[in-house]
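Quick setup: one chain, the form predicted alone, written in structure tokens, and binding and motion questions come after.
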Amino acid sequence: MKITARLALALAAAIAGVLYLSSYLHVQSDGLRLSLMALGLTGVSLWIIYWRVARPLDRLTLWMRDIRAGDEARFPVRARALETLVAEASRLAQSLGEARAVAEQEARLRHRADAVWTAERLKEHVRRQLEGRPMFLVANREPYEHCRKGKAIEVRTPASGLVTGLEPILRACGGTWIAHGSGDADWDVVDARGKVKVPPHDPQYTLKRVWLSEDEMDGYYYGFSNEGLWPLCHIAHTRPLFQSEDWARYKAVNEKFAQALLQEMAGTQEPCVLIQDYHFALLPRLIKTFRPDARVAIFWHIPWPNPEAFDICPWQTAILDGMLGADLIGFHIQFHCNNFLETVDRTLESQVDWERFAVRRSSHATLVKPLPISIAFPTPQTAPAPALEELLKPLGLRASAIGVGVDRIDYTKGIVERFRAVERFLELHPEQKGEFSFVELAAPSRTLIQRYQDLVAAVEQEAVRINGRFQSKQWRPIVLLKRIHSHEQIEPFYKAARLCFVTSLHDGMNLVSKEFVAARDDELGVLILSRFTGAARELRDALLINPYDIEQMAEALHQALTMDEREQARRMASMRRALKDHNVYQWAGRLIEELAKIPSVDALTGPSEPGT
């Protein structure tokens, strides 16, 4: 029975009792009858307060005292009247537990004279480096979307490697994340300036949303960014498409983001700006023109091609000039830095300093640095690996071992090639029929672009064709789960899989490979990794493959499935050490340190925003 019903029943009983008592005692005075009634109601109220508020509060106090002492007991009683307080106390207890785990880890590492980067270390590092200067991060993708689900609004985290890499930084350092508001309920939760505090249950920084029309998205995002620059920079043999109307919208959206950023920076001194990726190649110059005191960095998360390939772009001069407005340009690997400097050297009138890896254009210098991004590792302790049988049961499958792939459905990821490698593996090793299944967690991406629609169809058709060759009643070789999966849904597959298969045809970094390694705290499992990823430079104990070589990939599958546990542990321990030493906090610390080193420039008098 709900508390409201119990309260009504108790009040009714109290009133009836008082009336009966007054009648029994032959009380004639209305005043005395009312006094008795008030006395009864007071007693009932005190009883309700004690049992529904005071007693749970006492237990909550004792529970929080136990938590503070390190005893992770569950809250001992349900208290509907205190649901909000209990929920906040639970989140506080979780935060205390995570902070305690981090402190214990740091103490162990200090004892071993190690220097791991953590959120707390990054926060202190940023505080010393920035000396109070505010931080602004600009990205097309927002870290949280508010979406309608029936009459309710739910919060979703987009499937994005960029969000995976960057969100821990804002959690650690605070500041403002400026992004396109893409959720259908984003408007409903922001203030008059389009801002909302995030994460929703533990606000640590500000999300500023910029609103784009369908025409702007079609031209800037789907058009120039993803049908032009994306295939241009990835060597996946897909022809880039460049159209003047897409370029016009790309410029207009860059100017719109510049206006939003300049408004947010108004009244600040020497702000630090971290611009993310190929969607905003023009933004550094726009910001630097109107706020020369700002320290501006742009990080290019995708590969940079050789000069001959980039020469295809009709507006390459404008793109290079826009990027060189930044004080610092970051790429994942040195090879991409070299390609960029060679492109600048051939295209623009500028001075390239190959010793410092810098470009001087007019009176402004830009540093070009390799800064490989990573993920938040070490991570708090997570749930143990699920039993394989329980993981596969909802899928109607039985298998002795599984492999896992996690991707956006994109032609650069080599998903079709991966499926064909599984097919070839089963041809060469028929004894694995009924024993090994490959699970592909595939998130649809850019579905308004025709070539992506065609790719989804091709991936589905290939899975159906291969399954048709080999499947039995309770087993199929390829399990294609085509939807967006949260990290909580992906992690059980990472933990239970015998191998993770990353077959990118070309990739700036690829964080899936690092997520798999981070999840394997049992130090087992095998990573099969394309040598055309940035991650291949760091995770050298993976089985490195050429994703165009189906025979080699099939052999790597066999090697992974037959590798003994000692060899698995040796390789995985080595990769986990590399990941611990070079996690996202270390990446952010290096990036911000490089930016903070840049000499300040006194603000110049000029127009307040682009286009004026």
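Heads up: residue numbers just count along the shown sequence, starting at 1. Since this is a predicted model, take the numbers as computed values, not measurements.
Below, we refer to the form predicted in complex with adenosine-5'-diphosphate-glucose, which is not included among the displayed structures.
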query: Option touching adenosine-5'-diphosphate-glucose, based on a heavy atom within 4.5 Å in the model of the complex, out of A463, I333, A421, V406; finding: V406
query: Among the candidates T366, S437, N254, T164, the residue which, in the model of the complex, approaches adenosine-5'-diphosphate-glucose to within 4.5 Å (heavy atoms); finding: T164
query: Every residue of H301, H487 and I490 near adenosine-5'-diphosphate-glucose in the model of the complex, heavy atom within 4.5 Å; finding: yes
query: Partner proximity in the model of the complex: L511 to adenosine-5'-diphosphate-glucose, non-hydrogen atom cutoff 4.5 Å; finding: yes
query: Contact test in the model of the complex: R148 vs adenosine-5'-diphosphate-glucose, heavy atoms, 4.5 Å; finding: no
query: is_contact(N338, adenosine-5'-diphosphate-glucose) in the model of the complex, heavy atom dist at most 4.5 Å; finding: no
query: Exercise: S160 in contact with adenosine-5'-diphosphate-glucose in the model of the complex, heavy atom 4.5 Å; finding: yes
query: Contact stretch among 169-177, 468-476, 437-445, 183-191 - heavy atom within 4.5 Å of adenosine-5'-diphosphate-glucose in the model of the complex; finding: 437-445
query: Stretch 223-259 - residues with a heavy atom within 4.5 Å of adenosine-5'-diphosphate-glucose in the model of the complex; finding: W230
